[in-house]
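Okay, so here's just one chain, in structure tokens, the form predicted alone.
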Amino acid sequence: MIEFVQVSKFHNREWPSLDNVSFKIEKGEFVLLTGKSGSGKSTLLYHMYMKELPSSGTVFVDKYESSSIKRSDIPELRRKVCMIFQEPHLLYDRNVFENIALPLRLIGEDETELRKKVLQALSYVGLSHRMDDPSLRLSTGEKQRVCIARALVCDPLVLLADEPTGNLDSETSAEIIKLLKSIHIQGTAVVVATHMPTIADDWPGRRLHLDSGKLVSDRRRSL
């Protein structure tokens, strides 16, 4: 479903952010992406999301190819490959319900179906009781849950999470990771980037490790 073939990315002329990286992620996989800050984790996720394109090599995501994807294809791709970030990207002039409903409104979803999907997502992340609250009043962990719910309403093939617990305490971090594992069990592929050893050491499943832009390890543990 996702394949990198000898992908390199240069943000300057001297040092590549990604250096000849190749791997495949199959449908429904659960992958942890590790490495120190600056190792290339975010850059790799951005290539899956087609926010960035390779300097050389090719990225395949579903039916799309980095060398031939059109700008007009990007919105459709990002309904299949959704991304959440360390800093929650919410619209603070809207309540929780409207933040989650946003991607459905952008595609003209029927209002009845939209409400059904948003309420299901709210229930899944445990925020049904906050749906009418202003987003600004939420805790950081709750804001991250809203971002996850907003991704879920699109029924994505892949959920990418870039340091989703970076600003959270250990208890809230564990809750977010548990939620991501639950999403994976439902059949969505999940790729989580983190530099936190407490998450990496006990990770069940596949782990890709980057060092200075190179993929130096690809190993699996039983779920």
Ligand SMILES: Nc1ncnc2c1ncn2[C@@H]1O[C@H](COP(=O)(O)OP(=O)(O)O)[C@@H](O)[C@H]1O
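Sequential numbering from 1, following the sequence displayed. In this text, all values refer to a predicted model and were calculated from it rather than measured experimentally.
We do not show the form predicted together with the named molecule, though everything after this point is about it.
Trainee: Let me know the one among 56, 182, 37, 170 whose heavy atoms come within 4.5 Å of the named molecule in the predicted bound form, would you?
Mentor: Contact check passes for 37.
Trainee: If we define contact as a non-hydrogen atom of the residue within 4.5 angstroms of the partner, is residue 11 a contact of the named molecule in the predicted bound form?
Mentor: Within the cut-off, so yes.
Trainee: Taking heavy atoms and a 4.5 Å cut-off, does residue 42 contact the named molecule in the predicted bound form?
Mentor: Residue 42: yes, in contact with the named molecule in the predicted bound form.
Trainee: Want to guess which of 66-74, 42-50, 23-31, 151-159 is within 4.5 Å of the named molecule in the predicted bound form, heavy atoms only?
Mentor: Result for this chain: 42-50.
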